[in-house]
Each structure stands twice: as structure tokens, then as C-alpha cells.
Ligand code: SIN
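Next up: a single chain in C-alpha cells, the form predicted alone.
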Amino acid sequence: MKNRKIVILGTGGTIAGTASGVGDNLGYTAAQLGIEQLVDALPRQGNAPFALVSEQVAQVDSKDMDFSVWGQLAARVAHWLGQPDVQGIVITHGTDTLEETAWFLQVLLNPEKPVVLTCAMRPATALVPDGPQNMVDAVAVASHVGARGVTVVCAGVIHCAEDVQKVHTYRLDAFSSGDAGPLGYVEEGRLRMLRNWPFSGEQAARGPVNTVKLADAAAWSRVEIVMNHAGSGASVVEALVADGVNGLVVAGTGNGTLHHALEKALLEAQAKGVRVVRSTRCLNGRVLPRAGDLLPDSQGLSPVKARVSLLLSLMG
């Protein structure tokens, strides 16, 4: 008798998308199929030592992901993680903001059990959809003995939530872990690990998770991202400060370098109480801090993940 569960939570995305024709991989509508339909399409594994349990948390195109959905998702993940018969969790998600949700859940929950986000670059109605295989691979990771933390599985590659980024607009293998490299691979249902399972040191200092507070969109601080580029000025930062922004992440050039006018505006914002974090718009590498830096660096996080960490930090 199966006494262990793998819980599959649906949030929409391309993996649940449909198009009018099997040859259309662009003109589809995301988030059309329910999670039960996606699970029913998976091959049955009669000898699997676990049962699949599905739940629809949201039904959105991930470009429209917002704080209310994050709050609902965090609450459901926390609930299922607390069930002793649950071995792991799989979350179906759109690719556009997947890396942000993955890092949000990792920093917030730092789960001892595996939480695996997966996705698709083709809709469910495609001639050869990639979603079903990605889901099967994600279940393999979620059911793996010793797995822990939040990971992303796409095209047979296992990525750490901290490192993963979407790097391609179209191809099936759309994600990369940059110079950190992937955690491992799923090969015919078996895992070949290259690195250790993820752990977020931030969680230790954060304390208990208040998922009820997260469900209230009004409780979230406002954090925006600005970018350094040729001809950068102060006007965008000044406008955001005047509009009541609580935090700013700046995607600097190179090693977090900033145009002098933009840097001056950011320092003035920081002096007024706005939290400012300096990241880089480079795909690989991280900002290497120097003695005397006036703006704190993102400790290796990309701009979007630095924003997630700053949001949670401002919420206490």
C-alpha cells in the first residue's frame, strides 16, 4: 500500500496552455488546463512507492504573477510540507517568473523536503509538448531519497533556486545556472547529482514564516529595479522615491558599476531611508565588493532575486 505522497500544485503557465493548432507554439493561451488534466496525462507508474495528489493553487500566465498568488502558494507549500506522509512537492509554473518564485520559496521556507518547480516552453496542445516529460522528471526529483530545498527541473536539468535563470526565449532548454552549473540531471528517471542540495542561510535569521501575512497584498513593501546604462540619470530614481518606494535594486553594469548621476541619486535615496541593493546585469559572475563601497551588494543574487530577498527583508 502506498503510504507516501508527492503533491503536485498547479499555478498555470505554458505547461497548462492551449493553442488552436498542434503546430502553434507561439499563439497559445497560457493557464487553460487544470492540474488534474495535466496529472492524468502522465504515464501511470503502478509500482511507484508513492501516490500523486494534485491541487490547483492558481491559474495564471506567470508574466502576471503577483504577491497574492505568492502568498497563497507559500501557504499551501507550507501546509503540505508539514504533513508527515508527504515526501515532496512539485509545482507547475510558467517560465517567465519561475526563477523569482523558486527563490521566494527557498528563502521563505528553506524546506527540508524537496520542492520542485517545473514548466514547459510548448503548450499542452503542441505536436510534441515538453510539459509531460518535465513533470515526470520533477516527480523523480521530488521522490528522490535525500532531496531537499527548492529546485527547478526543465529539459532534464536540475537547477538550484539561487542560480537558475531563464536565458532563452524559445528553446526547450531555456534555463541556465550560469557559472555555478546545474545541480544535476534526470536520466531515465534516475538522478545524477553534480552538487549538493540547496540550503539558504537567510532562513536561519528570519524565524517562523507568517504565511497569513503574505496573503495580504497590502502587507508587501514596494521594491523596484532600475538599470545602469549609457546615459543613465537620476530622474527615474527620484520619481520612484517621490512615489514612496521602499527599496531599490540597481542592475549595474560589469562589477556593479554605476553612472555617476545614477549613483548620486541612489545614495540620496539611501540617505532618505530607502533600502538600496547593487547587483549586476551580467548573466554570469557576481558583484565583488570592495572596501569603502557605499551601496551594499546583492551577495551574488541576480537583480530579480535580490528584489525578492529585499522584499522579504522589509517585511521582517
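These figures come from a predicted structure and were not determined experimentally. All residue numbers refer to positions in the sequence shown, first residue = 1.
In what follows, reference is made to the form predicted in complex with succinic acid (SIN), a form of this protein that is not presented.
> State yes only if every one of Asp137, Gly184 and Trp197 has a non-hydrogen atom within 4.5 Å of succinic acid (SIN) in the predicted bound form; otherwise state no.
Zero of three within 4.5 Å in the predicted bound form.
> Would you mind picking the one in Lys272, Arg290, Arg44, Lys63 that has a heavy atom within 4.5 Å of succinic acid (SIN) in the predicted bound form?
Selected residue: Lys63.
> Tell me, which of Thr101, Thr95, Asn228, Gln87 has a heavy atom within 4.5 angstroms of succinic acid (SIN) in the predicted bound form?
That would be Thr95.
> Against succinic acid (SIN) in the predicted bound form, would Tyr28 count as a contact residue? Criterion: heavy atoms within 4.5 Å.
Close contact exists here: in the predicted bound form, Tyr28 approaches succinic acid (SIN) to within 4.5 Å, heavy atoms only.
> Quick one: does Arg148 come within 4.5 Å of succinic acid (SIN) in the predicted bound form, counting heavy atoms only?
Residue-level check for Arg148: no, no contact with succinic acid (SIN).
> Is Lys113 near succinic acid (SIN)? Define near as a heavy atom within 4.5 Å, in the predicted bound form.
No, no contact at 4.5 Å.
> With a cut-off of 4.5 Å between heavy atoms, is Val164 one of the residues that contacts succinic acid (SIN) in the predicted bound form?
Heavy-atom contact with succinic acid (SIN) at 4.5 Å: absent for Val164.
> Just one of 235-243, 117-125, 77-85, 103-111 has residues with a heavy atom within 4.5 Å of succinic acid (SIN) in the predicted bound form, so point it out.
Looking at the other structure, the answer is 117-125.
> Within 4.5 Å of succinic acid (SIN) in the predicted bound form, counting any non-hydrogen atom, which residues from 10-29 show up?
Going through 10-29 in order - heavy atoms within 4.5 Å of succinic acid (SIN) in the predicted bound form - the hits are Gly13, Thr14, Tyr28.
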